[in-house]
Structure formats: C-alpha cells, structure tokens
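Quick heads-up: it's one chain on its own, the form predicted on its own, in structure tokens.
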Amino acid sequence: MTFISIEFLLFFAIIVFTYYLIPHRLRWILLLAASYIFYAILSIQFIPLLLASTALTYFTGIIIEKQETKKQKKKVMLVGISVLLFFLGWFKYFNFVNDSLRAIAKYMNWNYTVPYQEIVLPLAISFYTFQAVGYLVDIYYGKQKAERHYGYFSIFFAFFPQLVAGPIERARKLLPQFKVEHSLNYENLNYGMKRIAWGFFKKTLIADRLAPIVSSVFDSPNPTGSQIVLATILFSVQLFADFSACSDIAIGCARMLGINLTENFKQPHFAVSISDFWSRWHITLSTWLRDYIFFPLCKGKKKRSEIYLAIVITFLVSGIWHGAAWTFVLWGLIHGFYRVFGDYTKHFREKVASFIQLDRSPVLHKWVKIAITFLLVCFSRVFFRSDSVTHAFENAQLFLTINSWRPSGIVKAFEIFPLLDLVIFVFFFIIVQLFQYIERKNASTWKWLAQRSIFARFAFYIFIIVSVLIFGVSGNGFVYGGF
C-alpha cells in the first residue's frame, strides 16, 4: 500500500473520517495505530526495530534531561545516538563496508573471510534515525523538553504521512501539534486534497513516465554520449517530480488532519547557485545537516580552510546518508567541492560578470546562473544514478564530451521516447512549469487559483484528476523511499 494507490486513499479516508468523529483524547491512539498499520503493511518484519528505536529514543531523552551536569548529559546522549547509528549502520552499511574491505584485501593479497550477509534495508530507517538523533541533541542543548507521553512521542517517531520519505521534522514543531485539538476545517481539507492531487499528478504523469526512459539509458551497455546527457537531465526532472510529489502527498495528508509539516522543496532547479540549490532541495535534510553536523564542526573555527573542511564533511555525510555505495560518496564529495569552490571564487566570478557586462542585464545574468547551477547538479547526478563507480566515471566522461552536446545528437537521443509518450510528457511537463511560474510570481499557485472564478478553479481540479486517471502510470514506489 504505497501513497500512489487506491488502497492508500481508502485507508486515509477512513482515518480522516474517524479522526474527526472521535474525541480528541482518543485521537493519538488512532494516529499511532494508523502509523503502525501503514508501516506493517509495507514492512511488517521491521516493526520490532521501529518499536525498539522508539523506546530507546524516548527513554534516552528522559535520562538526558534528568542528568545534573552537562558532561553526564553528553555521555547519555552519545550512548543513545551510538545505538541508533549502530542500527542504521548494521542494516544499511554493513555490506558496503564489508565489500569495500574485501576489495582492499584482495588488492593487497590479504586473507579476508567475513562473508556477505543477506541484510534487507528497513523501510524509512534513514529518516526516522535522523529525526531521533535531532531530538536527543535538542534535549541535550536545552532546545527541547523530553516528551513524557509515550503515545504522542511514538506518533512523532512514526507519523505515517511523513515516515517513509520525510519531511524530517523537529520535535518542537511536530509534537505540540498532536496535542492540540483540531476541529474539522474546510480550508485544511480543501488544501490537503489539492496537495495530494498535485502530488499524484507529478508522480504519475512526470516521474513514473520518465523512470523507464531514464533506466533504458543507464541500464544500457553502450549508451551514446547524447543519450547520457538527455537521460541525466530527464533524471533530474524525474527525481524532483518524484520526491516533491511524495512531500506534497505527505503535507496534504497531514494538513487534512490539522497538522502542518515543513515544506521540503522550493523550486530547486531555479536556484542561482549550489548554495541556493541546497536551500531549496530537500530542505529538512539540508537544515538537519546544517544544525547537527556543520555547526558543531564549525564551533570555534575561524580559518576559512577549517570551514571548508566542515562543508566537505557535511556533504560527505549527506552522500553516505543517501546510499551505501561509493557512487553516493562521490556524489556528496562533488557537492562539497561545488560549495567550497563557489564560495572561494565568488568575488572572482562577480568581477568576471562585471568585466563582460553580464551584470548589466540582471535577468540574463540570473538565467545564466540558473543554467550553470542546473548543469552542475545534473553532472553530480550522473554519479547518483549510475549503479557502480566504473559506470559513473564512464557516464561522466560521456556527459562532459563536447560531441555529446551536439544539437543533432540530442535530437536523435529523443528516439529513446516512443512518440506518444514524448507528446504526453512534454504536455504535462509544460503544465508543471506553468504552475511553478505562477508560484514564482505569486508565492502560492493555490492562493492565485482561489482568486479565479469557481469555473476556472474546478476546471483545473478536474483536469488534474482526469489526467491522472487517464494518462497516469504507476511505478515501484518513490526513489527516496529506498533510503
């Protein structure tokens, strides 16, 4: 039962109906039961791990708060975080480390006998582990009181709309909302349904239509350079549509229950720099890394070289969080390099823009920066999408080859699309771009739509639903659901 299914919509409809039917004092039981049922349907074998992680974090938080000295609090916090990271490390990274050590041993002619382990990655472990670590750190620094109500805390840990792929929430924002009595509100229901529908639209008409096209190139033994260029750009479109759709559905579901989740995307492919990109892409992860990795690493540091090292380490953690493979490590390091290089050359680039008089045309200057940033992000995603380091470097070389960018080659590369699929994709891609254009001009497309006539509003809503039903295709879950 994934988000993109009739079963989920029926399941959620029952939850919403019951939620507003029962007294407030019983709603936490409903939300907790719904969260565990949802998780059990998707990954029942890892319910014990989810329960153990919840209990560990709950009691560790209380023990931290009860300690009298900062030193004692820190010891307890580190123990709790170490156990959580051990769970994450065992299930997600054991075979990655084991295979890497085996490869090194083979190269060095050493005897290495630790066998490969058949370990299945628990659903959502990366997301709920980071949320738990942030909770414990906040208690240690006095930013968060340890939650005493085990039920409310368990919902915070496993709230089903955002459990599988975020947003990664902070306890001080999410926990209080579970305790407030939410009355049936038309605006919340209306907005929530629109966000869910828009998520379905992006997922089924953009992301899942592009997924097999992109895979056909990256899985091909001999793709052309132009095919790699096109497939990488399309993968960037697919990844944004897929992940932002997941966040749309999560935010929409939560809003229908009266809960406000954090926005996770702000049109990242219109960023004017890598720094700007990371303030728009997977925002809750970016801010988590900033607050719990980067800031502690920078504490007391004043030298630029030390700050740059902290940046690289932070992006390295980001890469490792995304996946247990060297391709993700390289992807993280590439973004770390981008960030450092961008900061180091900022004044030089401003001088170049002034010298060639590019800064005299602010609009053109902005779009040049957007284009460069997007292409840099696309290049990094060659590593993100490739299934091995060898293939990643082969694909990266093709991506950087000048001949791969010849217009005739790019046009020919579009042959990977069946004609009908291409027409359908282009049409709905334009719709998404128009939606985002209105959003850039008016802050919220939904508010802009609310100011149109009732006929125009409902025509658009019906268009979304009919398009999903007729032209939508469904893949195998969300990309970030596998992290």
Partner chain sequence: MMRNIEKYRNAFINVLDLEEDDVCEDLELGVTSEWDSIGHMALISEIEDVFDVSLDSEWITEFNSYLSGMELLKRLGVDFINE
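What you see is a predicted model; the values in this text were computed from it and never measured. Positions refer to the first chain, counted from 1.
Absent from the display: the form predicted in complex with the partner chain. The rest refers to it.
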*Pick the stretch from 289-297, 356-364, 86-94, 105-113 whose residues have a heavy atom within 4.5 Å of the partner chain in the predicted complex.*
289-297
*Tell me, which of Y308, F374, W326, F393 has a heavy atom within 4.5 angstroms of the partner chain in the predicted complex?*
Y308
*Ok, K145, K346, R406, K74: which has a heavy atom sitting within 4.5 Å of the partner chain in the predicted complex?*
K346
_Partner proximity in the predicted complex: R195 to the partner chain, non-hydrogen atom cutoff 4.5 Å_ = no
*How about R339: is it within 4.5 Å of the partner chain in the predicted complex, going by heavy atoms?*
yes
*Does the partner chain get within 4.5 angstroms of any non-hydrogen atom of R172 in the predicted complex?*
yes
*Are any of the heavy atoms in R280 no more than 4.5 Å from a heavy atom of the partner chain in the predicted complex?*
no
